[in-house]
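Only one chain is shown below, in structure tokens, and it's the form predicted on its own.
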């Protein structure tokens, strides 16, 4: 009987959460769903993963980004997020640190390539 009471309470909690999700969460739910579905498929999930799985993953991503942004705003220049702040925060996680360094390097290479392309086309 105690289990039945717990299950009932859990369902009520879900119903309350769903109401809030339709309100303020409604627009946020669709921020990354397409990309997350593609990523999930790329990592071995079904081509059309369950919507609930995508929603949970999206909640985790948004929570992570929000926490990192708040932390980054509290270090360095107050109230501003700079690349160096993010690098500082992830410096102890080797995988994330390496990925960020790769992305920053690629970004610089793309900037140089665009500049060279523009100079070749418009510099004459």
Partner chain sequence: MADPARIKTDSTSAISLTIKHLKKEDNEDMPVTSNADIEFKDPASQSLKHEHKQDGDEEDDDEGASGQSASKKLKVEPEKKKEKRQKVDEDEIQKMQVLVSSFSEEQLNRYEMYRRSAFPKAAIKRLIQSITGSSVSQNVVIAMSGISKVFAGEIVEEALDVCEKWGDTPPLQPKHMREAVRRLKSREQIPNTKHKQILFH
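Since this is a predicted model, take the numbers as computed values, not measurements. Positions refer to the first chain, counted from 1.
Below, we turn to the form predicted in complex with its partner chain, even though it does not appear here.
- At least one heavy atom of residue 110 is located within 4.5 Å of its partner chain in the predicted bound form.
- Taking the partner from the other structure, its partner chain in the predicted bound form has a heavy atom within 4.5 Å of a heavy atom of residue 106.
- Although the partner is absent here, residue 77 sits far enough away that none of its heavy atoms falls within 4.5 Å of its partner chain in the predicted bound form.
- Scanning 42-63 for heavy atoms within 4.5 Å of its partner chain in the predicted bound form gives 42, 43, 44, 45, 46, 48, 49, 50, 52, 53, 56, 57, 60, 61, 62, 63 in sequence order.
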